[in-house]
Ligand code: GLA
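Before any questions on binding or motion, here is one chain by itself as C-alpha cells, the form predicted on its own.
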Amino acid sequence: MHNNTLSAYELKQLFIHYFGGSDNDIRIFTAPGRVNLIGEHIDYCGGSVFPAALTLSCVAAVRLNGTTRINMRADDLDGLYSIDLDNTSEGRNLKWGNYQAGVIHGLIEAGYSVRGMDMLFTGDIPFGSGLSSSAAIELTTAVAARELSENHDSMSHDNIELALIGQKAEHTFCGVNCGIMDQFASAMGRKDNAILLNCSSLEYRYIPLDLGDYRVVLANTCKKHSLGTSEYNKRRLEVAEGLKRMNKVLSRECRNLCDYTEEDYYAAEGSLTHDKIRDRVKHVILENERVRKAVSALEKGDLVKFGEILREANDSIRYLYEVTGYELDTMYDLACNEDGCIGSRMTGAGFGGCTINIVHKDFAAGFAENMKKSYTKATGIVPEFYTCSIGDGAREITV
C-alpha cells in the first residue's frame, strides 16, 4: 500500500476499474496503526501497555459480490488474491492476504454469516515500521466483514471481539504468537487519547494525551523487521521459561510473568540463574512497573519525568531484552543528543522499525532534519519522520 493513501473518491474509482459496476454500493472501512508509548514486549506476559491509535491507517473499499468468494487487491500490488468462504483455511497459503483470510475464518467461527465481497486496500502505514500495519489490515477487514455479514443485526458490535479475532488470525494463519495490544489499539483507539490496557484482564481506560508544547515524532529507521523471522517467537519461549523459574523460586503458581511485582523480582533475583532468561524476566517485570509510573507522570503533567522513563525503558529493551539492533540504537543515541528532545525509545517488536520521540514543537523540524543527516551518515539508510496525531479506532467512513 502506498505511503500516501488514496482519497475515498480515488479509491472508489480504482475499485470500479478492477471490479466493475458503479460506486453506489461501495462502502469504505478503515483501521489505524498504533504507537506504543511504553510497555514493550509485555502484552504477552499479562502486563499493562500504553498504546495510542495513529491517524496513519489502512483503508478498504468493499462491496458485496453475490458469490462465496472474498476477492482482494491492494492498490500497489499486481494480482487478485481470493479465498472461498467454504474453505477459508486455504488462505494460510496466500502470498498476500493471509491476515485478511485469518480474520474471515475467525468471524465465521464466531458465528458471523460472512458474505462474498470484493475488497481493495490502500493505506499509509509503512510496512515493517513497527506501527502495526498488520493489525490495521486485520481490523479493517474485520469491521467490514462484520458490517456486511448477513446476520450482522443480531450479532455483537463489540470491537474488542474483533481485536481478539485479529490476534487469533496472526497466531493461526501467520505464525506470529503476538499479544493483544496491537489489535486492541487499532480496534479501540480514541482521538487524542492513549489507552492504558491490562493485557491479562482486558480492563482499560483512556488517558488524555496532553503533551502541551511537545509533539510525538516517529523516526522510522527504514530497516524492515519481520516478526515471523525475527527472534520474537524465541522471546516468547524465554519468558515462558522465566515464569516457570519465578514460580519455582517464590513457590507460587502465577499465570503471567507480570503478576509479579518489582519487589518480587528483587526477592527472587539472587536465586535465579544469572543468564539471558533472568535478563528477560527483569525487563518484563520492571517494564510493567514503568508503565504505571509513566502514566502517573503524564497525568501529573510532568513531561520531563515521562521522558526519563521512556529512556529507562529503552535501556531495558536494549540491554536486557536485546531486540533493538544497530539501526534502532543509532537512532536512539542520536535523538538523546538533540535539542528539544526530552524522551526517546524504540517502539514495536524491534529489530528495525521506529523510535518514538517527545520533541518540543519549536525543535521538531530541526530534529528531523538533523537526525536524517546523522543517521544516513552512520547507516547509509535514509530514514523517514512523522509528526503524529492520535486518531480513532476501526470504523466505517461515510463519504
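Computed from a predicted model, the values in this text were never measured in an experiment. A residue's number is simply how far along the shown sequence it sits, counting from 1.
There is also a form predicted together with this ligand; it is not shown, and the following applies to it.
Quiz item: Just to confirm, Ala101 within 4.5 Å of this ligand in the model of the complex by heavy atoms?
Solution: Result no; Ala101 lies far from this ligand in the model of the complex.
Exercise. Tell me, yes or no, whether Gly348 is in contact with this ligand in the model of the complex, where a contact means a heavy atom of each within 4.5 Å.
Key: Taking the distances in the model of the complex, the answer for Gly348 is yes, it comes within 4.5 Å of this ligand.
Quiz item: Any of the heavy atoms of Phe50 lying within 4.5 Å of this ligand in the model of the complex?
Solution: Although this ligand is absent here, Phe50 would stay clear of it in the model of the complex, with no heavy atoms inside 4.5 Å.
Quiz item: Can you check whether Tyr81 is within 4.5 Å of this ligand in the model of the complex, heavy atom basis?
Solution: No, Tyr81 is distant from the partner.
Quiz prompt | Per-stretch contact check against this ligand in the model of the complex, the hit in 53-61, 332-340, 31-39, 353-361 (non-hydrogen atom, 4.5 angstroms) | solution = Of the stretches listed, the one contacting the partner is 31-39.
Exercise. Check each of Ile285, Met181, Met72, Ile165 and return the one that places a heavy atom within 4.5 angstroms of this ligand in the model of the complex.
Key: If I apply the 4.5 Å criterion carefully, the residue I get is Met181.
Self-check item: Option touching this ligand, based on a heavy atom within 4.5 Å in the model of the complex, out of Tyr232, Tyr112, Phe306, Tyr265
Solution: Looking at the other structure, the residue within range turns out to be Tyr232.
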